[in-house]
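What follows is a single chain, given as structure tokens, in the form predicted on its own.
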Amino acid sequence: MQSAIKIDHLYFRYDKEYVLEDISATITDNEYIAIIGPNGGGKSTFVKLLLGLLTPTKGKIEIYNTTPDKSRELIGYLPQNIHFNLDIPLQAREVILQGRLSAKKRGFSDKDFQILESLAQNLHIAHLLDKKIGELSGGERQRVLLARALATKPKILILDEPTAAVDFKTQKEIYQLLQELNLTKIVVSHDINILLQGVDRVFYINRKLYIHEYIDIDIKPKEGHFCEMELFEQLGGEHACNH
């Protein structure tokens, strides 16, 4: 299996304080990784390093054998907070097509419109294309933004809390969609009960990296929620954990 991402003894610090220490891991093609950990534990910093927005203090990251800053076209990214002026009369189709733009490209080709239609069908949002972004519900808007992240035809998809502002039913629908996507997926989330239904490994980041494999536990969420502490109580010592 081809490696999508290789991380070798990665360190990162702000000023004198290390946020990430001695992180090594390999993520293969089409693997589905969940990233969890406490607030301030380094999850967001880790994602920014993968995106090439930050440079490691020590160590290195390779994405398909090149550096993150040279492989951005290979990555689709859905950040945690995307703020739209909902009064701007942008249609959903226009938001998705923004994902096909670049510094060297201004207009749209037939291929761009074909990709738009294909994404709309696969993500079940064809009925939303003519609606203005301000008319959509939170869950509908998140599907449109996911389509925009996928419009670049990436090999890797990184999502930061993709279901933070949507209801439980929509959370389940979005994670079901993610399971069906045939590419490498890295998702930062606290929705453990849903997230573990399809992931291959869990990366727990709290300054250092702890990798849990063979996730096969009986999840019994309380009132639709399953927190990280409950997860690790169930993982215990019987599951593989590397760091």
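Since this is a predicted model, take the numbers as computed values, not measurements. All residue numbers refer to positions in the sequence shown, first residue = 1.
Just so you know, the form predicted in complex with a small molecule exists too; it's not on screen, but the next bit is about it.
Open item on the list: At 4.5 Å between heavy atoms, only one of the stretches 174-182, 24-32, 42-50, 65-73 reaches the small molecule in the predicted bound form; which one is it?
Closed with: Careful reading of the contacts points to 42-50.
Task: Contact flag, Asp112 vs the small molecule in the predicted bound form, heavy atom cut 4.5 Å - done: Asp112: no contact with the small molecule in the predicted bound form.
Open item on the list: Within 4.5 Å, heavy atoms only: does Gln80 come near the small molecule in the predicted bound form?
Closed with: Yes, Gln80 is a contact residue.
Task: Proximity of Leu10 to the small molecule in the predicted bound form, heavy atoms at 4.5 Å - done: Contact check for Leu10: no, nothing within 4.5 Å of the small molecule in the predicted bound form.
Open item on the list: Can you tell me whether Lys58 touches the small molecule? I mean in the predicted bound form, with a 4.5 angstroms heavy atom cut-off.
Closed with: Looking in the predicted bound form, residue contacts with the small molecule do not include Lys58, since no heavy atom lies within 4.5 Å.
Open item on the list: Taking a heavy atom within 4.5 Å as contact, would all three of Val19, Pro38 and Glu161 count as contacting the small molecule in the predicted bound form?
Closed with: Answer is yes for this spot.
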